[in-house]
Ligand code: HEC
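Take a look at this single chain, the form predicted alone, given in structure tokens.
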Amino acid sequence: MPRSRRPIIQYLTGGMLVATVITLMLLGLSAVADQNEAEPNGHDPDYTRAGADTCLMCHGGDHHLLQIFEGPHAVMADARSPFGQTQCEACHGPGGDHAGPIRIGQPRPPMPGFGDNALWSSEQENQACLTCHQGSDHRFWEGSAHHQYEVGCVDCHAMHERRDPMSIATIQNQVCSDCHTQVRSETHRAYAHPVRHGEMACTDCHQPHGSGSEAMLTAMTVNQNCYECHAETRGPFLWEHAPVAEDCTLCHQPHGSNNPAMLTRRAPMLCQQCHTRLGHAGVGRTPDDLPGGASPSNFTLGQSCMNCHSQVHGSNHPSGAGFLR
């Protein structure tokens, strides 16, 4: 890699003025005129001499691109930032061939990475990002579901914007749902977490860069994930409901359901998957066992088992073995 390059000029915050663009072009032309001079310190000739000034000769009129100067990737005083190193080429690769002179009618060579007809593969582009973003939340990227499906960093993130859209809940959820269409349909059911309203983001529960747990959850288990918001169900309880302690999704559908409380089935059918109806006749399993001939419980039929067993997640009451109190 070449040595760090200090910027020639400072860039304005917000929209670029016409005079600024003209100044950048003049500085870039001056840099091109000096291309035949010897470069000190053994600078790699594949990299441009003037860095971003050379790039802005052609790309200086793109307001969307210039927003990079208002974000963290263009902090020139930070050596960890691309602009504290080789500027545009820190991410896009050496641009000497792309910015150099070409013959009339000859196509301009593409930049190595990130762009139309880029030479790098998705894996190489990801490695360019991971050169800096190799923190604790990326340590499970290798082998993760997104890595196996060859999802690239730029498929979700945008570096040239003032703020990464993935940090905005509504935009992040839309990006995720573009691929996870089944989850998107579940979030639009009658009872769901407020994902579609932007009050929750997918990353509140999932780690898209990979994790050590199932479904790339942020916590090690499903229950630990749920307890981060639903702490009242954590326990420990004197009388513990076994499926609650085992897995919340045995009863709840986390992305959304058409049953109250996002239950997988309505009570009493949900409860009767595990519990016998002895003494609590509800909806019959056969035509001979429908309400009428027997003595079905109006409480069970009218609302649900939770009409009496209100402490279904567990109870600390001395007489709470039946989760009644």
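From 1 onward, residues are counted along the sequence shown. From a predicted model like this one, the values you see are computed outputs, not experimental measurements.
The discussion below concerns the form predicted together with the ligand, not included here.
K.L.:
Just to confirm, Arg108 within 4.5 Å of the ligand in the predicted bound form by heavy atoms?
P.N.:
The answer is yes: Arg108 has a heavy atom within 4.5 Å of the ligand.
K.L.:
Would Met76 sit within 4.5 Å of the ligand in the predicted bound form, counting heavy atoms only?
P.N.:
No - in the predicted bound form, heavy atoms of Met76 and the ligand never come within 4.5 Å of each other.
K.L.:
How about Ser167 - does it come within 4.5 Å of the ligand in the predicted bound form, if we only consider non-hydrogen atoms?
P.N.:
So Ser167 counts as contacting the ligand.
K.L.:
Using a 4.5 angstroms cut-off on non-hydrogen atoms, would Gln273 count as touching the ligand in the predicted bound form?
P.N.:
Gln273 belongs to the contact set for the ligand.
K.L.:
Sequence order please: the residues of 196-227 with a heavy atom within 4.5 Å of the ligand in the predicted bound form.
P.N.:
The stretch touches the partner through Met200, Ala201, Cys202, Thr203, Asp204, Cys205, His206, Pro208, His209, Glu214, Ala215, Met216, Leu217, Val222, Asn223, Asn225, Cys226, Tyr227.
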